[in-house]
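Consider the single chain below, provided in structure tokens and representing the form predicted alone.
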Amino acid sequence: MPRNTPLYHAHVGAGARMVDFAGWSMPLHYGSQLAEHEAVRTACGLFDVSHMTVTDFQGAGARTLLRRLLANDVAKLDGCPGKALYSCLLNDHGGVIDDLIVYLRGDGTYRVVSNAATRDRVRPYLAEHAAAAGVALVPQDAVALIAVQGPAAVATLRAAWGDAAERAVALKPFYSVEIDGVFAGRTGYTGEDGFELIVGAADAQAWWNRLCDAGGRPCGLGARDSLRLEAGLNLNGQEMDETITPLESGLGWTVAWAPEDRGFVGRPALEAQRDAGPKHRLTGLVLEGRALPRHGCDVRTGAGEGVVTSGGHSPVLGQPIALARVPAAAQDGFHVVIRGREIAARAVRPPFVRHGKVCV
């Protein structure tokens, strides 16, 4: 049986179509994925992301441990309480176990938010390393996560939270603040401005209701996926996995090579790949016609074969788009094979859409 988030009954009561996602019962949509997508691009959408995994690291050795476990360097957070860092958690071969966000909290501890689908892999892995390092790993499972996304996210949060919202709306992107037991980060997965709120599970329903009353539109997993695809954002298990490195999945920018003496899990394998030159890279594709590319479709290029990692229809562009892993040398001649037909495609650098504007 799938697990329920603290907002499960709110979704069912609103008529959401519920599906099993990574072992959780989650809303796919509330009647119209397209309308939910448009709400985030033009106004404000609300997402229940309580299936994500929240883990706190406490103790004097937490910084040292995370510097060793993550490809990005949490030392970048030093002296900046509230600041957040996006990073990959790698295996010894440089493959991506998970991508996550780590926050430096005001009390000097670290909060890690990782993916739902990797919980059973990541939690034990982190716990094992934390125990060996004498670091306390504290799961935060009695919470709900609500994403408030879109150009009207600030107005919605102000209307729902009153004067307390001002400290949150003053945040720069990838910063957080804790106010009266609410953890608010200016982060998201849509390519729009917005916030992600971590609240106690007992308070989740009241928060959801206030945000809806303030103008936020409930949105499901369908819109979340089409929004992140337009924004060119990776999905664990598709753009990257434990066999794919950050250098092959458009995430080379998340690897902190300096200082050279910082050893982190997977570094030797990544350095070897970097020095030899990755054989593949991630690119965006805009397709001709109306046929929709899907994960696993073959991509033919002038330099060899590739594969679609994510694909679908872009409501903003009005065209099919995709992310694809292709030979590093590929420059032209892109065709996606859909139901046996070769569909011409134009290679672009993601994002396709950001802050409501077409970028390609």
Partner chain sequence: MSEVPQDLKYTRNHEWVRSEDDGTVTVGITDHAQAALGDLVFVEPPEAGSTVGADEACAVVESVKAASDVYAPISGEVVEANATLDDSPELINSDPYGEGWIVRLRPTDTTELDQLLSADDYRQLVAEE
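All of these numbers come straight from a predicted model, not from anything done at the bench. Numbering follows the first chain given and starts at 1.
Keep in mind the form predicted together with its partner chain is missing from the figure; the text below concerns it.
Of 349, 341, 9, 346, the one that lies within 4.5 Å of its partner chain in the model of the complex (heavy atoms): The residue in contact is 341.
One residue of 55, 50, 33, 301 in contact with its partner chain, assessed in the model of the complex (non-hydrogen atom, 4.5 angstroms): In short, 33.
Partner contact for residue 290 in the model of the complex: its partner chain, 4.5 angstroms, heavy atom: Looking in the model of the complex, residue contacts with its partner chain include residue 290, since a heavy atom lies within 4.5 Å.
Residue 294 within 4.5 Å of its partner chain in the model of the complex, heavy atoms: So residue 294 counts as contacting its partner chain.
Heavy atom of residue 313 within 4.5 Å of its partner chain in the model of the complex: Close contact exists here: in the model of the complex, residue 313 approaches its partner chain to within 4.5 Å, heavy atoms only.
Contact label in the model of the complex: residue 28 to its partner chain, heavy atom within 4.5 Å: Heavy-atom contact with its partner chain at 4.5 Å: present for residue 28.
Stretch in contact in the model of the complex with its partner chain, which is absent here, among 301-309, 322-330, 60-68, 33-41 (heavy atoms within 4.5 Å): The contacting stretch is 33-41.
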